[in-house]
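Next up is one chain by itself, shown in structure tokens, the form predicted alone.
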Amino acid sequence: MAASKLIVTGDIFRPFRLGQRWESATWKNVRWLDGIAGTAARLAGWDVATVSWDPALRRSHGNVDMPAIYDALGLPLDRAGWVELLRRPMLPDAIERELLDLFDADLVVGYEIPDHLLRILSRAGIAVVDVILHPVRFLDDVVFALRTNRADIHALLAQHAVAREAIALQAGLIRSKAAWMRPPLPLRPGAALVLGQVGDDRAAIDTATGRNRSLADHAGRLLELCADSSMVLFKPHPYDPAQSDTGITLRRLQAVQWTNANFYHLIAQPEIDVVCALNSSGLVEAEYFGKAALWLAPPLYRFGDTAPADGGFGDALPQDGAWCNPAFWSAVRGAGPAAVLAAVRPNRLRRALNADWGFSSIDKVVA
């Protein structure tokens, strides 16, 4: 069977300020994905290349000249320009053709691919697999949810979906261990926990208005939460500046008690009834611990099992580790079975992603 072409990519439009200049915020994500999925696909017989905003790319790989694209769009290469780009319903035809030329492949696999690129690729009839970090972070490893625009690939993803029951069992183990631990702080039954988020996260952007959402937009709802709860805790995001709109608003609510206690230790406490946030992944996690989740903004991604239809994308399905193996990409290619080479090992992907999110401390005390 002739080699089919697979391109690895990511959120190519997103800039990151480094000193006095702007560079891609996601070139490391693309290199990371190529190291895992790209390697597995090569071993399964795919001809693999990467396309990224990454001037270091050489040979058959493709660098997207994003400064030139921002210039052609008449947008500044900064965060405000990026948000304006996301808000535009379409990109000019010349830019869409330029991008399509770079992504000439049978399959594009990306890390949290932006909507413009999803639309361009799907309209051109190119199969896409989008790899999204799943909000549940307390399993033996981080989990990635994959979505696609192809029904046959979605059926393969469904075969490797992580069962909700398996997630609930792990939450139960954490709650069991917490029962023997000293509570992180004195609590009263009927308490609520509010979670902070960083303002420059894509999930916090309201593309209808171009504004960054924050808890400051919901001060009235937070006041109601204070009236309805025995006590309200606020856990700020460690990367949110102290003088952010969220921080200023929560300080004005004098009934709110700030805490930096471990998130999993907190939501394992029976006194906490409600967890509130804009659209933090912690809301999804809290539901597995039996808490009511109060969403103040819609989630960025749709997780579930709905198959793709009418050229669109299906729900993102949380996956076991199969997608890291050549056998998975051999099946996507419609080729014969390939060997399963990478054995399951706790925290393999978590460490490869260089991300712990507070789980590392609870991981050391939970069997």
Partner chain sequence: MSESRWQPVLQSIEAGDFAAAVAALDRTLEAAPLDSEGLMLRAVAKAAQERVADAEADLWRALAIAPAAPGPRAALGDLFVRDLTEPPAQRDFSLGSGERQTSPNLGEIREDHRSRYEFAALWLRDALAPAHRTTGIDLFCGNGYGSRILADLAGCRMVGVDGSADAVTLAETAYGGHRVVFRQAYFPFALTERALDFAVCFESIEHVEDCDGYLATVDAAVRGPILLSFPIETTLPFDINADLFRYHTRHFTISEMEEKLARICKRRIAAIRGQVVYALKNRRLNGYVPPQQMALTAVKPDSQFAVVVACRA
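Residue numbers count along the first chain shown, from 1. In this text, all values refer to a predicted model and were calculated from it rather than measured experimentally.
One more form of this protein exists, namely the form predicted in complex with the partner chain; it is left out here, but the text below deals with it.
The closest non-hydrogen atom of residue 229 lies within 4.5 Å of the partner chain in the predicted bound form. At the 4.5 Å threshold, heavy atoms of residue 242 stay clear of the partner chain in the predicted bound form, well away from it. In the predicted bound form, the partner chain sits beyond 4.5 Å of every heavy atom of residue 260. Heavy atoms of residue 209 never reach within 4.5 Å of the partner chain in the predicted bound form, leaving it off the interface. Per the 4.5 Å heavy atom criterion, the partner chain in the predicted bound form is contacted by stretch 182-190, the sole one of 166-174, 182-190, 116-124, 91-99. Note on contacts: among 78, 152, 224, 71, the single residue with a heavy atom within 4.5 Å of the partner chain in the predicted bound form is 224. For the residues 273, 287, 84, 106, the 4.5 Å heavy atom test against the partner chain in the predicted bound form is passed only by 273.
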